[in-house]
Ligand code: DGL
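Shown below, as structure tokens, is a lone chain in the form predicted alone; questions about how it binds or moves come after it.
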């Protein structure tokens, strides 16, 4: 099983931040990535719809012999993680992107924590509930920022439009006085510098990508599933072609990538 790939999925380009971090920490591992661009964003979908999409994608990743299925999407992690564990944990290791961040913050002992994410992630209360259990002394406030994902997917980053939207959200009084801000969507690390700049770099901006990749390494090591001799045979699938996805993927993975459209909904 060591040579089997790590399966990763997201609604679009956001999970590429996690995939990139995994390749940096685990260069010997191969990945199979699925971006469900036909249904993005997941943040405004129902829990039932997200579970349905996630189940079919997990089946697709298992068809490609994935030893791990990493839900690199906060909306899907909040809505479908426990469901996928029950369905598939006897066939692969199922991981999410929320629990590793909660465990990280547990060690930091931060008093005031903010969370931004999609409507689905925020309305689920998953971050608040898990942090309150893991670190009862921490106060957690949450803010839905639904325009950020379509903004990023449409390529509006590092410009006046993105700066205006980011400023409008982060100036909300809900986030006043926070010491750390969880980027509760894997798209958001793409604009991490703009977010940090808004807070004059005085707020710790918690990016799940590296935290999650370290967790993946530790879990593979514990289960004796590390592949130290592979690398290079990565595959990227999308459910609907978008030029921006290919542009971002090439930026993260430096050059040619094996990108294919997979209509798995037929």
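Positions refer to the first chain, counted from 1. These figures come from a predicted structure and were not determined experimentally. Between two forms, the rigid core is defined as the largest C-alpha subset superposing within 1.5 Å.
The same protein also exists as the form predicted in complex with the ligand; that form is not shown, yet it is the one meant from here on.
- At a distance threshold of 4.5 angstroms between non-hydrogen atoms, residue 121 is in contact with the ligand in the predicted bound form.
- Contact annotation for residue 42: at least one heavy atom lies within 4.5 Å of the ligand in the predicted bound form.
- Contact check for residue 181: no non-hydrogen atom falls within 4.5 Å of the ligand in the predicted bound form.
- Put simply, residue 149 is close to the ligand in the predicted bound form: some heavy atom of it is within 4.5 Å.
- Listed stretches are 163-171, 98-106, 68-76, 137-145; the contact stretch with the ligand in the predicted bound form is 68-76, by a heavy atom cutoff of 4.5 Å.
- Contact annotation for 1-23: residues with any non-hydrogen atom within 4.5 angstroms of the ligand in the predicted bound form are 10, 11, listed in sequence order.
- After superposing the rigid core, the Cα of residue 248 is displaced by 2 Å or more between this form and the one not shown.
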